[in-house]
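Quick heads-up: it's one chain on its own, the form predicted alone, in structure tokens.
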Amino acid sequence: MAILTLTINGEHVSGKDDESLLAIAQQHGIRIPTLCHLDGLSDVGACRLCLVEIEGSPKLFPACTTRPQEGMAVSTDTERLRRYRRIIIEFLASEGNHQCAVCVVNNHCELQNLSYETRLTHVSVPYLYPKKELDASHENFIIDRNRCILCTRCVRVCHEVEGAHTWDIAGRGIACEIISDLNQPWGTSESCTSCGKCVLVCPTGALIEKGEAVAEMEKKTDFLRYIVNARRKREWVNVDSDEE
């Protein structure tokens, strides 16, 4: 592991060579919008909202999966990037059936917040109106695939933190969707532990708790950082059993 020096938006910063550009920016108080990223989970670069410009290259790079290099010059907030991010939010809005006024996470939705941030007032591309199923077979939770943006946070938290791997992705292109086990009703899943972690990390109203009213449910993800840090520090390990 080496310490590198680079510039982000003209500001000299330092970071480790095994960290992402997103992590380094966050450490220095530089905000980069994201949807699929969540501290404590692996990064997959799915949403592309964290795209940044790197001097000397015409390409855009996802900050969550790009490693720094010595002397690298990074820009995170240019007119080009703002335009791309607005287009991404616009595509996400057109690909699903997002009815904010009747959603239980209205005013608590990350996609909605980014729509405000990018000043998205209308969608200029045709809506696809996909016919996605709502699965309410689980005793406590509901998955509404109409509001899913395929960030895969639920897949990763179930696999990496809970260890159940109930969720996965099936299909290709616009037909992609989140499924439980081998595409069976969530309520019949034998792998699901009903922990609710997937519901809490979902950035939209795709995964919700039963009984929540419109604009009533607020997702909280702080638990994830607590769990991951505790595991890394082995705070939950029985010392006596280790010694044996």
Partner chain sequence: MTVEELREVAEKETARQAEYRHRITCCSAAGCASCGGTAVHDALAKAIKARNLEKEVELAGTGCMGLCGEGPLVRIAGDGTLYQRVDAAVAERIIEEHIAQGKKVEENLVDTSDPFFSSQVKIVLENCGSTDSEKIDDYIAAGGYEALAKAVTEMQPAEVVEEVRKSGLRGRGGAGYPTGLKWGIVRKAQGEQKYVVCNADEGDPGAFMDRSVLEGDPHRVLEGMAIGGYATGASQGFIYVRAEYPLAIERLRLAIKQAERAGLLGNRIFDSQFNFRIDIRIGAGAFVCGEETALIRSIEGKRGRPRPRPPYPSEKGLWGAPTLINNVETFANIAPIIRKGSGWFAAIGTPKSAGTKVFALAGKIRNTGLIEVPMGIPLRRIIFDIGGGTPEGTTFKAAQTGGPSGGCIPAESLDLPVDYESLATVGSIMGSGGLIVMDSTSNMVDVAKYFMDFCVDESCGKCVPCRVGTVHIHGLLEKISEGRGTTDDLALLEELCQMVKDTSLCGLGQSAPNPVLSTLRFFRHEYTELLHAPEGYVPAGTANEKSTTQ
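Numbering follows the first chain given and starts at 1. What you are looking at is a predicted structure, and each value in this text was computed from that prediction instead of being measured.
The discussion below concerns the form predicted together with the partner chain, not included here.
> Within 4.5 Å of the partner chain in the predicted complex - does that hold for a heavy atom of every one of 95, 126 and 173?
Every residue of the candidate spot has a heavy atom within 4.5 Å of the partner chain in the predicted complex.
> Name the single residue among 104, 72, 88, 164 that comes within 4.5 Å of the partner chain in the predicted complex, judging by heavy atoms.
Selected option: 88.
> Specify the contacting stretch among 25-33, 41-49, 182-190, 209-217, defined as having any heavy atom within 4.5 Å of the partner chain in the predicted complex.
Checking each option against the 4.5 Å cut-off leaves 41-49.
> I'd like to know whether residue 195 contacts the partner chain in the predicted complex, with contact meaning heavy atoms within 4.5 angstroms.
No, residue 195 stays farther than 4.5 Å from the partner chain in the predicted complex.
> For residue 150, is any heavy atom within 4.5 Å of the partner chain in the predicted complex, or not?
Although the partner chain is absent here, residue 150 would touch it in the predicted complex, with heavy atoms inside 4.5 Å.
> In the predicted complex, does residue 169 have a heavy atom within 4.5 Å of the partner chain?
Residue 169: contacts the partner chain in the predicted complex.
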